[in-house]
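This document opens with one chain alone, in structure tokens, the form predicted on its own.
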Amino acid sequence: MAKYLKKDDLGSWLKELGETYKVIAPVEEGDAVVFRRLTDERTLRIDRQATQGPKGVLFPACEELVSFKYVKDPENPEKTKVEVKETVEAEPTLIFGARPCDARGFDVFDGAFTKCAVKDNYYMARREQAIVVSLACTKTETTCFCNWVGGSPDGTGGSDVLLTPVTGGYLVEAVTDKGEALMGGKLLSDADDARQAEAKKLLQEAKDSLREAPDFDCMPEQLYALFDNMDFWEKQSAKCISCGACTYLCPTCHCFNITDEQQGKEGSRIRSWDNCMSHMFTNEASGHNPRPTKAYRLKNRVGHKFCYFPDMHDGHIACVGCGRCIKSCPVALDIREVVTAAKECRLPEEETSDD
């Protein structure tokens, strides 16, 4: 059954949950809104889309995987051995205020990190300890296109609880068993029919405000066919300056690099986000780079999201339509225009058959 939370009680509800969970929420940080641990000194901002989503909570931008230390063998001082300690850290965490597109990004991470032959213990530990409370979008932005990629303003993928803003507060609905555990709070009351009807109306208006979604069923086949058409990719990437903003702000990008950082006889193996639009991303030790230009790199980025990943994960597109890559691109490169152009591009065999 849906519950109702008064707007004035939101802060108290989060404090109540903070007794059990580390609460991470969107807060002001300069001109940006980012996900940080919620404290009395930080201002909660859920009235606008966060500048960057909460993916860093479960997949940190930089984390220690193992620590190591070189020590002398006491039985043979001429020999040195390496002591290695795995550093998997996870604690009960509540991610509050994620948008449905952000939460759906965790579904993509699940496919990449938990459902493949080699599983990521670090991500899995944090994922199992996390509960995601999402905020439905009753208003959309011109850069939003979640409906193009299988999402919606009230999508529940990746969420455990969904809040919908209504007059005076929020409609609260559990999505998973984890979410059910939050529904017994003293500040929550049963939602009446009027509030549920209001939420339904507001969400339908939000859905209607989105641009009509194209049919992307043909995209994998179309992108494979365009793989060697570098004229097409040169044209699409002409404006790109390879800054990587699109990848760092993307809720689904999960490329990373691993480095060993050592001081004296002790050190750490570090995992940090990497950027597939960077020239150095695929640079090999030999000096050869299989993706030597931004055209090749954009082809890979778009191809991975709309072709290769869906092929490996039951058609699940690795893009959630949050629009951050559009909003924050310094040269206004719009991924919607790229995939639409790819969808509508006439292939050589089609031109020949028409003749």
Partner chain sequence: MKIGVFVCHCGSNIEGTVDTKTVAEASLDFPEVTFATDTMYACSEPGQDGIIEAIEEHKLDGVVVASCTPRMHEPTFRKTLERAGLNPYMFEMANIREHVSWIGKDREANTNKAADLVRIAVEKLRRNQPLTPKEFDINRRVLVIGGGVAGIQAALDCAEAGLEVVMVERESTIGGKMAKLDKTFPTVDCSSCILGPRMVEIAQHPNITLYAYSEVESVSGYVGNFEVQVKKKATYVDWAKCTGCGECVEKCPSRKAPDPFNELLAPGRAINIPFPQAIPKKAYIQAEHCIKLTKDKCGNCAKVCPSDAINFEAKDEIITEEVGGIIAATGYDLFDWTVYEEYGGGRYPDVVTSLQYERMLSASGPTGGHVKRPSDGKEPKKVVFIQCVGSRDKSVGRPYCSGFCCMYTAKQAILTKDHIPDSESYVFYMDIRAPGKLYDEFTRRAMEEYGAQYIRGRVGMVYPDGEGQLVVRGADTLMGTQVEVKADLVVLAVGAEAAKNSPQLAEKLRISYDAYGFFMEGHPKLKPVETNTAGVYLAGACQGAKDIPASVGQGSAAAAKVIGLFSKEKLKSDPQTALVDIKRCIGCGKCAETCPFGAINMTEFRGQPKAEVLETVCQGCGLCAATCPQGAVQLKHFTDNQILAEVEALCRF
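Numbering follows the first chain given and starts at 1. Everything quoted here is computed from the prediction, not taken from an experiment.
As for the form predicted together with its partner chain, it is not shown, yet the points below apply to it.
Judged against its partner chain in the predicted bound form with a 4.5 angstroms heavy atom cut-off, the residues Pro92, Gly184 and Asp208 are out of contact without exception. Shown alone here, Pro77 lies within 4.5 Å of its partner chain in the predicted bound form, counting heavy atoms only. For Lys72, a non-hydrogen atom is located within 4.5 Å of its partner chain in the predicted bound form, even though that partner is not displayed. In the predicted bound form, at least one heavy atom of Gln262 sits within 4.5 Å of its partner chain. With the partner left out here, its partner chain still marks one of 213 to 221, 169 to 177, 155 to 163, 281 to 289 in the predicted bound form; by a 4.5 Å heavy atom cut-off that stretch is 281 to 289. Residues of 172 to 198 placing a heavy atom within 4.5 Å of its partner chain in the predicted bound form: none.
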